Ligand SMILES: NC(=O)c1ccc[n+]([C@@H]2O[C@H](COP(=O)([O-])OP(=O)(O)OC[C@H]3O[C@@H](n4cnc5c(N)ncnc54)[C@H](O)[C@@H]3O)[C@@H](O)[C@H]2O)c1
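Heads up, the chain below is alone and in the form predicted on its own; it's given as structure tokens.
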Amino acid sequence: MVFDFTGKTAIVTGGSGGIGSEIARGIVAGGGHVIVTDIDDAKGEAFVKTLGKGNSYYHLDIGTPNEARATVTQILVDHPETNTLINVAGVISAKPFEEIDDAEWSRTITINLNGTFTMCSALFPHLKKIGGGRIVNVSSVAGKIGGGLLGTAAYASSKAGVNGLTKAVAKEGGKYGIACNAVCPSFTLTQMTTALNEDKTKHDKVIAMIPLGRAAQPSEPAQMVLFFASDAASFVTGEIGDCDGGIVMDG
């Protein structure tokens, strides 16, 4: 399915990764432009070249707030037409609760939650100034069920925070035309989940929890992100959408 992104320019953090790259391709296929950010410059620059003219790459580490904000400032100088933010970048923390030390906790919260806040905060004044825009945060079912898949306590806490942040930005941004939604994937076949694929016992256990009986392809949660980022979702904000094969089924 192709959504219409004519007139849209989107920043996609972690945009050269599994889900991020599918999102970027979907925006370009829909007639929009993408500003891919990542920390792997060689991979990011090579990926952007495959997207064609009018798309850009910037090095951006969401875990370093001052540098991230400075990069966003430069992006907006170079691309003042930017009207969409999609936060995909993040890390997994799979340690059992008793093995999570302060460093592991801090790293996970800093990147997944604080990094998402930094990007939303850095773009919010610009979106307000131009009369609105759309923000989509990639969260996780772990944030709803307390972990139990690949991510555990630190990861679940960071993503629960992303869900709360999404709703808060939606509430405060609505009067400025800023919509903010989140997508919660479950087990998705990306480079970040490679470790789970290599542990057959854990892999089979996770698959057994998914009513559809399989992992997601990166393109599947990307489709929900693209919907939320497009004008097809013009009256949707504050939604925490599940793309999880039926794990949560909350009402």
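From 1 onward, residues are counted along the sequence shown. Note that this is a predicted model, so its numbers are computed, not measured.
This protein has a second form, the form predicted together with the named molecule, left out of what is shown; the following refers to that one.
In summary, among the residues V91, I75, A160, A153, the only one with a non-hydrogen atom within 4.5 Å of the named molecule in the predicted bound form is V91. Contact annotation: V138 falls within 4.5 Å of the named molecule in the predicted bound form, judged by heavy atom distances.
The named molecule in the predicted bound form is not approached by F47, whose heavy atoms all lie more than 4.5 angstroms from it. Contact check for M192: a non-hydrogen atom falls within 4.5 Å of the named molecule in the predicted bound form.
Contact check for E220: every heavy atom lies farther than 4.5 Å from the named molecule in the predicted bound form.
You can rule out all but one of 81 to 89, 121 to 129, 166 to 174, 98 to 106: in the predicted bound form, only 81 to 89 has residues with a heavy atom within 4.5 Å of the named molecule. Contact annotation for 58 to 84: residues with any non-hydrogen atom within 4.5 angstroms of the named molecule in the predicted bound form are L60, D61, I62, G63, listed in sequence order.
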